[in-house]
Ligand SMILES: NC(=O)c1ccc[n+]([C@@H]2O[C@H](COP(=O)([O-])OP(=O)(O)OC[C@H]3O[C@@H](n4cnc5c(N)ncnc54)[C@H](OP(=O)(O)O)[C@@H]3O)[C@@H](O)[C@H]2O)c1
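Encoded as structure tokens, the following chain is the form predicted alone, with no partner shown.
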Amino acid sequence: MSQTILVTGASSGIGQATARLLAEHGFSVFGTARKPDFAKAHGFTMLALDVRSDDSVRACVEQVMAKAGRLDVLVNNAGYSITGAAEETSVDEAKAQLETNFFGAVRMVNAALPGMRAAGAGKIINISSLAGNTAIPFSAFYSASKFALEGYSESLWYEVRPFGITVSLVEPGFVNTPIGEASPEAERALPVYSATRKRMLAKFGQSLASGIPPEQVARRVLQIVDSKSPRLRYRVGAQATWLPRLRSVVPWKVYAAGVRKTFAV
């Protein structure tokens, strides 16, 4: 029987590429979007989902179970990035960032786990980022959300392993997706940060434009789905592979100088 897979945030970018690739390989795939009527679904079923809402999350998982009778793999991909200096970002804006990127994944896992435990099997795949290992200047709360996802997923790995459920993190570097275009800026812009913020955003845009294609991340997700015993962490792209290694061996001043140069700060 074909495995049933739920991919959140499948209206564009990594989520859409992942849902499409999995569908092409014969899996029964459900993608999600806050406004599914405006999203393109290529060979998979699109469902409405707002990961910030307990009721929406519950309803989405119930729909999958009603239509397919099972949920074998959950891919937590929904997320966005707010840009601006930490001081420029209000607590409400920071909470909203964590509400989607981190607590959204937590809600989805909590909704999926009872069925997976009952089945004695399941895979949870959380789309993290290189930003979960190396913080990005002027993206403090996006970085914080990914650092949080890393710690949560590692703890979860231990807890659900006895039930036959695996947890994996996918950690890409820069990916050529619309996330930069869709990134809101912190509302309270402070002139003292303006010049540096402008330089950083320009560099960030260039890095995204030259990033790996989302299909490369999708192929890594497919590898995890096909694996009988997936690992906890999978890095995608050259940057995500060598930067964490470099960070672990060079002095902080040297490493930080490279980050500052990368983002023109």
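Each residue number is its position in the shown sequence, starting from 1. Because the structure is a prediction, the values reported are computed rather than measured.
The same protein has a further form, the form predicted together with the named molecule, not shown here; the description that follows concerns it.
Asks: Given that the partner is absent here, does G173 sit within 4.5 Å of the named molecule in the predicted bound form, heavy atoms only?
Replies: Residue-level check for G173: yes, a contact with the named molecule.
Asks: Would you check, heavy atoms only and a 4.5 Å threshold, whether F138 touches the named molecule in the predicted bound form?
Replies: It does not: once the named molecule is placed as it appears in the predicted bound form, F138 has no heavy atom within 4.5 Å of it.
Asks: Is L208 a contact residue for the named molecule in the predicted bound form, using a 4.5 Å heavy atom cut-off?
Replies: Although the named molecule is absent here, L208 would touch it in the predicted bound form, with heavy atoms inside 4.5 Å.
Asks: Though only this chain appears here, would I125 touch the named molecule in the predicted bound form if you measure heavy atom gaps against 4.5 Å?
Replies: The answer is no: I125 has no heavy atom within 4.5 Å of the named molecule.
Asks: In terms of non-hydrogen atoms within 4.5 angstroms, which of the given stretches 26 to 34, 60 to 68, 219 to 227, 195 to 203 touches the named molecule in the predicted bound form?
Replies: Among the candidates, contact is made by 26 to 34.
Asks: Using heavy atoms only and a 4.5 Å cut-off, determine which of T89, N133, T100, S153 is in contact with the named molecule in the predicted bound form.
Replies: If I apply the 4.5 Å criterion carefully, the residue I get is T100.
Asks: Counting only non-hydrogen atoms and a 4.5 Å cut-off, give the residues of 45 to 75 close to the named molecule in the predicted bound form.
Replies: Sequence-ordered list: L49, D50, V51, R52.
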